[in-house]
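Coming up is one lone chain in structure tokens, specifically the form predicted on its own.
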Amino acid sequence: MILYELIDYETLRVIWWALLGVLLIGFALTDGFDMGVGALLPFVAKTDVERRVVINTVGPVWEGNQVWFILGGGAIFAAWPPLYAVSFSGFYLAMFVVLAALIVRPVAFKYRSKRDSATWRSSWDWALFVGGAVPALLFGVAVGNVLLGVPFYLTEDLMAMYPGNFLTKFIGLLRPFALLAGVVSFSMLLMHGAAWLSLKTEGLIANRARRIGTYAGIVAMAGYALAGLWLALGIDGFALVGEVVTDGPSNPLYSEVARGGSWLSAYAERPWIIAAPIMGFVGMALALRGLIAGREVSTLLWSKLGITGVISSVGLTMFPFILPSTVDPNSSLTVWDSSSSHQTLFIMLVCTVIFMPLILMYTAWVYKVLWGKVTEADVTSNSDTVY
């Protein structure tokens, strides 16, 4: 027997679909609070010392947290190459804006406190705000567009084609439901950042973070509920029709897809997936309660649970679709026809089994070493060595 045949192709595809979700959730749980803290920075910290305290709560960990973003992008490229090609073709300008924001952020971290000028530092503080707020918003807009369906079609040689120029394609992403998804994402990560600041700071900074985080949590929960209602009543879903081949070649044009009905019919077919939105609502509600009550560790953990539930609910609702097409539903990408080869997925899984535990272990070690609050005294007494 060939080694990679120890796990059948269908199972490997499902495993890598789940692993992609794990990587995206890992990114949201770690780099998500970094982005939330950046977006909160101008509003929770009023003096230069306070702003340095806020920055230094994430200063030692933000680079490590971005590993999840790199892993997610790498997984899409290697495990789901059609998804990588089609999504980057259609979301090119949006991706560029996100990457520009993510590039500005590390520059702001490094240069912000290099000069004593108030104007200099204020400018970089707003750069940190942009570096946190823009990705948090646009990642949600992207998810909203995936649920709506993306206007592309595949040629016979599987080249992705989009109508219009790059500017109209970008503007076309800003549809009402997608913007609502962006608001949910942004407010949810604001709440997550506030939960982190509640844990890592004290006094006025923590109080301001809890207050803003409370409002953000309310918006996130209300927006998530509205999005679910809108998805049930106002947005057509997609479904595979006819015989579904789960271990065939990766060619989306071999599948037949119909558009109509509701995405939420998945809950009738697989009732157990209701656990994901319940997890989302319960996690956000308990994080909200924790912010109001001034709790610290539990608030951050509940916030993580809520984010996990929200992201999981999208993937489980859409399964097996990854990127549906509104122009030609038969061009839609699914788990069964958009993956790399059987052998590639197996080799990648072996590498993941080896290296993922190492990443989790050194991440846990870093957070253990850096446990504790950042105070104004820490910043002022170590002014030349901290951000």
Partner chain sequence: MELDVVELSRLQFAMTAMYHFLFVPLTLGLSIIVAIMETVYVMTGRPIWRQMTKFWGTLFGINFVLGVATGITMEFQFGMNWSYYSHYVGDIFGAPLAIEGLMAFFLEATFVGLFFFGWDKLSKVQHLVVAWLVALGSNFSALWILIANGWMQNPVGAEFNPDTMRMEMTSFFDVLFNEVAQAKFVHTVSAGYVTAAVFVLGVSAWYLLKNRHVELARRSITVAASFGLASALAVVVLGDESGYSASHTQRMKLAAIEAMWETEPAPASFTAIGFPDQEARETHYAVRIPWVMGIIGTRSLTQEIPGIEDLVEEAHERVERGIIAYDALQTIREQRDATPADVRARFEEHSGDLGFAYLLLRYVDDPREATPEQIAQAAEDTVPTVWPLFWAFRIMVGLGFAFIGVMAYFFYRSSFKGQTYPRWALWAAVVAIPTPWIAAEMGWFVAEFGRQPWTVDGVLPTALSASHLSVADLLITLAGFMIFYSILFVVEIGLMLKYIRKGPFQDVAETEAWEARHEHRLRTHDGQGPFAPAGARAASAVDDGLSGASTTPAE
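Note that the structure is predicted; figures quoted are calculated from it, not measured. Positions refer to the first chain, counted from 1.
There is another form of the same protein, the form predicted together with the partner chain; it is not shown, and what comes next is about it.
The listed set 267, 177, 215, 111 contains one residue whose heavy atoms approach the partner chain in the predicted bound form to within 4.5 Å, identified as 111. Distance criterion of 4.5 Å from any heavy atom to the partner chain in the predicted bound form singles out 124 from the list 124, 152, 263, 302.
Heavy atoms within 4.5 Å of the partner chain in the predicted bound form are found in one stretch of 103-111, 312-320, 142-150, 276-284, which is 103-111. For residue 96, a non-hydrogen atom is located within 4.5 Å of the partner chain in the predicted bound form, even though that partner is not displayed. When contacts are judged by a 4.5 Å heavy atom cut-off, residue 382 counts as touching the partner chain in the predicted bound form.
Using a 4.5 Å cutoff between non-hydrogen atoms, residue 62 counts as a contact of the partner chain in the predicted bound form. Although the partner is absent here, residue 234 sits far enough away that none of its heavy atoms falls within 4.5 Å of the partner chain in the predicted bound form. Using a 4.5 Å cut-off on any heavy atom, the residues of 234-261 that reach the partner chain in the predicted bound form are, in sequence order, 249, 250, 251, 254.
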